[in-house]
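A lone chain, given as structure tokens: the form predicted alone.
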Amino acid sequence: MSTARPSLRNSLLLRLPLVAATLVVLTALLMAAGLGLLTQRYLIEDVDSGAFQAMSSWNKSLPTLIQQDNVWAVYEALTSVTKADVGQQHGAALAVVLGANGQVFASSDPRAFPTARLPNWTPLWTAGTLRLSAPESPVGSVHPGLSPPIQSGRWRLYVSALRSGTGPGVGTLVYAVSDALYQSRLLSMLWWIAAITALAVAVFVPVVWMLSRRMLRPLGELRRSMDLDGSRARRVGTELSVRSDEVGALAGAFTRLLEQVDVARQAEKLAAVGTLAAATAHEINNPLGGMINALRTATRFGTFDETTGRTLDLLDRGLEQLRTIAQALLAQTRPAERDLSQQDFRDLAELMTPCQRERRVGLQTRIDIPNSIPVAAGPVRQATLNILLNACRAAHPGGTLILQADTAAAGLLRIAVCNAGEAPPAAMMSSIGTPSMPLGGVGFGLWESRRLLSDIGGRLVLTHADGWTTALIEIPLRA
């Protein structure tokens, strides 16, 4: 596992919160920009709406005044509107009425546009600065008869022909509104938008950062558990696997992977132990055979007193028992060498003799099988011996063990070991169903027996009822 310190480049736990915070900032900036543009548009539309209202009013009143040649009345009509705008912003509005001859008839600023003179439009526009608004402008479309606004530098111009009823034109009206009229309001509103945006960023960025880190915390714990040893990593994975989200599924897979690694390590250890046991049994079996032959030759042809004869008989039985154990070990390491036979069950009964004497337990055997059965003899012998020894230790003193074997079910060998006694401990019962080696050594014999039988396709079932504990072995016969 990598122990590199998490950095922005190699850690999603840092990059994802940073991406989320960056998205919050970008979203806030985009919303602020959109609000600013929308505010500017609404303010311009407000200016246009006011200008068109003034133009409509002037179109009704000014033609009559022009026909009456009442310059003063026209001036008052123009200034009544422009002064109101000037009150909001100095020099923000200007209105000029041209007569039919193209000269200035009246204006709101006589010094810039003197009466009875050709107008000098330099204050309002210069060549190349005019920009006509789109004819389909929604503001212009609701004011029929009026031309769309014209943008000239910082001025917004409105032009209308003055007519008296259906008669010929009597003049032209030019109304100019400065952008300064709405820009001060726009700046004020932009400042508020910027302040609210900064406040939102200051509040939501830390919140999003903390929420993202909190959501990713289980993933970080799982990542750190990969640097721990097996038991602590498995404990963290088990705690996180109860979650119902993706992290829980990932933690469950991680825990199962750790269990498989443990099982593989234990299998390797057991294989090494088996190899060592086989080598040891082989080295012991050969000299034992020589010692037994020598002892029996001496017993047959020698002459000994009674005490020496009993001692030699005892020594012969002991050496024979050692050879049986060594051969059993050899048979276990070579499970495919030979089939199970009735002699294997007689060997098991012989191996149980010391435990029977110690526990004062009897053994009843009911072996109803052919002389040779197509199943691996080694694993079956060792598994059955483990179960018999467990049953012998669990049986009440003076009680009886029962060993049964039959092939009544087609294609199946059944071996049952029964003893009267207390129910097995829960740890021993559970050791049969777990793939991991039981902790503390409780139930190791049954666990090892189940493992041996599983290797050849068999299974082991342990039950307790009415004071009797029964271990049932079922092994499919080889084809």
Partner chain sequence: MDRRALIAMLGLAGASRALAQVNRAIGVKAFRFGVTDVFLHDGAIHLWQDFLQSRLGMPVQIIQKSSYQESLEALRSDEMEAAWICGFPYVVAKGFVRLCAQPGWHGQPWYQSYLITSAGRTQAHSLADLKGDVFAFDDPLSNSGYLVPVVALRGMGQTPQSFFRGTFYTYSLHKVVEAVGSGLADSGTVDGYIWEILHQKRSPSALKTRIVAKSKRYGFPPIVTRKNLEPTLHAHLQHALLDAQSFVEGRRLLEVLDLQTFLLPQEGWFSGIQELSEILDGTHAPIPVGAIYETA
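On a predicted model such as this, the values are computed, not experimentally measured, just so you know. Positions refer to the first chain, counted from 1.
As for the form predicted together with its partner chain, it is not shown, yet the points below apply to it.
Residues within 4.5 angstroms of its partner chain in the model of the complex, judged by any non-hydrogen atom, belong to 70-78 and to none of the other stretches in 358-366, 70-78, 147-155, 236-244.
At least one heavy atom of A116 is located within 4.5 Å of its partner chain in the model of the complex. In the model of the complex, its partner chain lies within 4.5 Å of some heavy atom of K83. Among heavy atoms of P110, some come within 4.5 Å of its partner chain in the model of the complex. Heavy atoms of V97 never reach within 4.5 Å of its partner chain in the model of the complex, leaving it off the interface. The listed set A106, L162, L348, A391 contains one residue whose heavy atoms approach its partner chain in the model of the complex to within 4.5 Å, identified as A106.
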